[in-house]
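Before any questions on how it binds or moves, here is one chain, the form predicted alone, in structure tokens.
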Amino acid sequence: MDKLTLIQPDDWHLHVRNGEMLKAVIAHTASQFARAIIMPNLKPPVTTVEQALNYRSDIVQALPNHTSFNPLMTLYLTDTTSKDDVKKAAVSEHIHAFKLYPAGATTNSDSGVSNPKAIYPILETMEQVDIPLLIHGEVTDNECDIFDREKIFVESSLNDIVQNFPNLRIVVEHVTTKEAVDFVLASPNKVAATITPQHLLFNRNAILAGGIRPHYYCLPIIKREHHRQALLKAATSGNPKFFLGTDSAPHLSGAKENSCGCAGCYSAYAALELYAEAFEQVNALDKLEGFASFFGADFYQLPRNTKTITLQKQNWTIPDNYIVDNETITPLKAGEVLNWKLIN
């Protein structure tokens, strides 16, 4: 196969930041995807409908001319989120979910939820108004091994949330372990998961073997090979519980290349090409369209896109960096060769 035409996909988990960073990265996503779920972990976080609509306006203004890209906004759950906040979000045409960050779990998550059980009244309201809950599924106990934090969260918090709120639509974001995959498979159809390109393509050797490679460092951290294989099997299975969410997370190169580098991989520049590379590894390119274009839209109860995009089998070299206001972002796999290229 040397060409692959798909219904235009959507990205169901995306960071675009704000300011000059937003202006530098948004065109990459808009060139590939029709829509994207926009993460709310700015500084300060996006916690109200008004803030989300203002942020959406900033994104739209930063888009290239003649693009129809639609940013789908989310609100950041905190310990003080109210039922009225949920009801107001549910009637806004531009707000599509709430995001639960355990406090301290990842970038700009300090304002997150300190105890999931404490927000159960809010989750009950979300269930009633049918607005999805997106979960960064990791515990934050410093004594818990970083490679076990997702597994422990599934056991200690996620299972209880699903049992207590059986009609709440839940997306377990960027799953990274076999345990999380198995949990989603065993859960009701209201529970789904996104999977990133880096977790499909790499195991933890990419970060640590032969030297520390900070641009492969993300949270949840990349795991062992048997977890990668479980993710590949889920993504390419045709099961509608699993769909595309890049978690593309731009940081200035200097913020990652230091003694305490930021978590996040920048993949938006070639997200579909990276996914195609992963699916091709297991001879499953025929499964890419469902994963990328159909299952997420169905879960979010949005119409499927109708336009198409085409990938061509073509070797090209990934740039070493992209410029942001006289500084740089280093993309995932910088300087390496990809063998698929978006051509329209």
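Residue indices: 1-based, along the sequence shown. Note that the coordinates shown come from a computational prediction; the quantities given were computed from them, not determined experimentally.
One more form of this protein, predicted in complex with a small molecule, exists but is not displayed; see below.
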Verify the flagged residues 13, 174 and 264 against the small molecule in the predicted complex: is each one within 4.5 Å by a non-hydrogen atom? yes
If the cut-off is 4.5 angstroms on heavy atoms, which of these, 81, 125, 239, 107, is the one near the small molecule in the predicted complex? 107
Among the candidates 219, 154, 86, 168, the residue which, in the predicted complex, approaches the small molecule to within 4.5 Å (heavy atoms): 219
Please pick out the stretch from 245-253, 267-275, 222-230, 159-167 that is in contact with the small molecule in the predicted complex, where contact means heavy atoms within 4.5 Å. 245-253
4.5 Å heavy atom contact, residue 333 to the small molecule in the predicted complex: no
State yes or no: in the predicted complex, is some non-hydrogen atom of residue 293 no more than 4.5 angstroms from a non-hydrogen atom of the small molecule? no
Does any part of residue 29 reach within 4.5 Å of the small molecule in the predicted complex? Heavy atoms only, please. no
4.5 angstroms heavy atom contact with the small molecule in the predicted complex for residue 136: yes
